[in-house]
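Each of the two blocks below gives one form of the same protein chain as structure tokens; they are labelled structure 1 and structure 2.
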Structure 1
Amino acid sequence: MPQIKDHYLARAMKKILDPSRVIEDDLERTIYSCDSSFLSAQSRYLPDIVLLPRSTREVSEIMIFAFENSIPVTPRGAGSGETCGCVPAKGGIVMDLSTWNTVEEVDAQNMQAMVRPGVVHSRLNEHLGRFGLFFPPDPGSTRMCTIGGMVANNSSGMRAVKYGTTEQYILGLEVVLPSGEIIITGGKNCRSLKNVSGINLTKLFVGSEGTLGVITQIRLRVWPRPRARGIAMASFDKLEQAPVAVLDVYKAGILPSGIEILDQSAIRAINLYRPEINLPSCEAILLFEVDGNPASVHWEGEQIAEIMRKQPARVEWSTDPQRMAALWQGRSVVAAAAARLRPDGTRVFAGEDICIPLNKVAESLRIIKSLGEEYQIQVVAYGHIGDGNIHTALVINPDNPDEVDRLGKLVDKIHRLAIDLGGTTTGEHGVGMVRSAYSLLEHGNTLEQMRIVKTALDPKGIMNPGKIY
């Protein structure tokens, strides 16, 4: 798609950026052709050039040049996404923002922080911890994903049950538009926590997957760090008991900070990865995390334990920081650890992020299990059952074309099942390239309105083309 010669592009970019932050080398560019998605493992989407900007001015100058020359631009964080979202579908420029990782300001008095897009989620929370604060959304990829990527994909994770998704914590954004113009959403000098003045463009950019502009600074709402935490682990002999138990906890008036489910295979994968975690062998485990002040945590923990025992389920209640960290870490890495279940196979990220209405979760788990048997593909189910967001890890041998073919069919069935049950193909990972085929099915004629908005901001279609719409 670039209308200009590569060497001209490189020369122009080196006038904007220090040459050490301009990557032209063939192999290095090839390395930028992937994220975690299975699609990017199978196909190569090479950028023509990779740039590592570290200021808004640099990003703006790059965009002005790209706009004038109709060069596609794909922003990228840590590349931990699962949708080919940061992969340059049409070549052009990849803007690696992961090295632009400064926390510009923690405004503790106003409960907010200003950060650059490359800040890694767990490092942000380490930093905020010094102020007794935290940024609540808690993705499983906390140790690698960047805040910029979280905003672009409206990520959430394990504590969305109580704290919601990233969008609820974005007070404002600095965005470089495809034309190179710099805008600030949420009020240009605003430090208030609420603002209903004007159309909420912040929400427009959150979750837009880099298709509307480049996010260069984020004004985040931060919260006081809870004083206490506890985890109740309930193990069930029957998988179907688990979703019922979740609803019973809600009915009892308790809102845990996280409710996670692990099926039998996920339990086995975690035990293979970290044997010392020693999860009990059963059909399903629910992890309930409660946080708040010590008295409420203790009370809620007891209530949950009582509800679980009635199911019946075996319950382990822990407030020991080491045990809690081990359980939470086990859950957070199961995504990749699922590969341990099959010596000749790997876990692939495809069809992995459906979100189902709460009253249909049990049904969806049962159907997905039988679909796995029908297509002879191992399905590891885990995820944020508290908000119906089920991750299905599919374990295959990617060298076997027949398995890859069956995988494609199974993924399609899973996505369509989610829509049929009144859910969505993606609860928190995004659409990217891998789910864009379902956009019309999910949104109907609203998709056309999305395209109109996209065209208004990006008339030349240079921002992350080939995604979502």
Structure 2
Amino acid sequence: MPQIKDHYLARAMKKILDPSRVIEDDLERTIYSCDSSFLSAQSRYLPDIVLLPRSTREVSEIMIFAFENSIPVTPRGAGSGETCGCVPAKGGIVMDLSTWNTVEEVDAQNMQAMVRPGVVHSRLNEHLGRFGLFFPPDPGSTRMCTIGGMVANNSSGMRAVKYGTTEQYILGLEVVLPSGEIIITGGKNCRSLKNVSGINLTKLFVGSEGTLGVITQIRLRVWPRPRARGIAMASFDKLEQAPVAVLDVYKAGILPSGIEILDQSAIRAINLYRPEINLPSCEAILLFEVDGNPASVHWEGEQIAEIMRKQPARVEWSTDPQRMAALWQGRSVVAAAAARLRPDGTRVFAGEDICIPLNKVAESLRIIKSLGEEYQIQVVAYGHIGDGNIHTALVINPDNPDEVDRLGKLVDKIHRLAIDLGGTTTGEHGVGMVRSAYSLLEHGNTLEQMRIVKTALDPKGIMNPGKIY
């Protein structure tokens, strides 16, 4: 792509935005050269300029200039992603949408809300709580991640078992195309909850990781906030018992809001990090969360506890808020706790998001453990077992070149294992740059059809280049 001198680009952008929202400083631009991924820590991707638009008109004018001059544009939210999805692989413009964080409207009568892309997930739910509503998808980074980023990556998280992924709640989008044209998907004046009129372009942009356009407003569906919640914790002496227990719960006609698994390494890490949690020593722990009205929560919780005891498993059930918080705390700290298994180690994000068939969860965890031993790398496994989404926290010394090399080989094996077992390289974190090498292996000739769609909407290839394809 042709290079435009930085000073010329900055002058042009200051005609569109207030100069205070045009970032040229070298140090500040460096902040935008990485996300949470290990890949971005190894190779920094510096943008030529960072822009903070706060209106659809500003975004459109930026895109018109970028399109005319073939300048790469990378949309960015909170930068909490783990795949190099929001880093400027080809330089150019980073469009930081995180400060555009207003809830434009809560249409409680029609069970929907209109929000700008920079709204943080937890703050949206705090706002919706005033109306007795909530936005169900629940990523672990709720206090950091933005709704725009969740839409771009089709995020899900711990409650996807019952409530599904982000795409199921997106009714319509306002999008600025690479050419600068503004479109509204889902009907330009529509406020209905169902719409099958025309090709579903909304679904096309959800999960596109910023490669097709810039999302500037989101019309999302919201649900009534559950009146009650309960949590069951079951511990198993054998890892293989845990997936069987999950399937038994499903067979009983019970759909928990969340089902999480902690393997032996995760349990040990949590107990080292927070000894007061004192999780039982075993090969696997399952956490079942149920929500709804008080009577149904009580009945489902008792049923889950009874099913667990047939495995056999040691089980605890509680609806007490303090006890629930204590039980859930173990799962919430595991990502931070992983590094405690190795005093000189750092937890890195690489190969952390495979998703596999439910009946192969135990097999995959056993294989991943053996691969960790083969490459002499500490692996801590946990995740959303209810939908087969397994996270592997890898702990290494990033200053050791030999260890980094072994990490790369292990990560490759983990990704290929997921595909071999009939799964996918990513269940919720996205492809970005980290997993793009596996796209052809996973999708075959369908990948070419993705490229055709990409080229149709972005003929100059300026939207978040270097990602997915």
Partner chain sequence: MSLLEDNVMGEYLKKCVRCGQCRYVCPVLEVAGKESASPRGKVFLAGLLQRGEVKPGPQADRILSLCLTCGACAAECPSGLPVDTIIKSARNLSASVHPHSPHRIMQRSLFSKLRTLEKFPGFMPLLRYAMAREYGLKPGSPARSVLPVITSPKRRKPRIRVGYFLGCATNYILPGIARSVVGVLTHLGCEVVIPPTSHCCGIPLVTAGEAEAAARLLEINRRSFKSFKLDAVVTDCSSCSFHLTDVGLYSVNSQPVYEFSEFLVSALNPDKPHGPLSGAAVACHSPCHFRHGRKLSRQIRQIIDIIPGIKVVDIPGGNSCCGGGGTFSLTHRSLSDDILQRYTGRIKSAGIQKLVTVCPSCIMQISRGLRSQEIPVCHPAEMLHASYRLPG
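Every residue number counts along structure 1's sequence, beginning with 1. Treat the numbers as computed from the prediction; the structure is a model and nothing was measured. Heads up, when I say rigid core I mean the largest set of C-alphas that superpose within 1.5 Å between the two forms.
Undergrad: Given that just one of these two is the form predicted together with the partner chain, which number is it?
TA: Looking at both, the form predicted together with the partner chain is number 1.
Undergrad: Using a rigid core superposition, assess whether S332 undergoes a CA shift of 2 Å or more between the two structures.
TA: Shift at S332: 2 Å or more after core fit.
Undergrad: Superpose on the rigid core, then tell me if the C-alpha of H298 is displaced by 2 angstroms or more between the two structures.
TA: Superposed on the core, H298 moves its C-alpha less than 2 Å between the two structures.
Undergrad: Align on the rigid core first; then say whether the Cα of L204 has moved by at least 2 Å between the two structures.
TA: Shift of 2 Å or more: no.
Undergrad: L272: how big is its Cα shift between the two structures, in Å, with the core superposed?
TA: L272 is displaced by 4.1 Å at its C-alpha.
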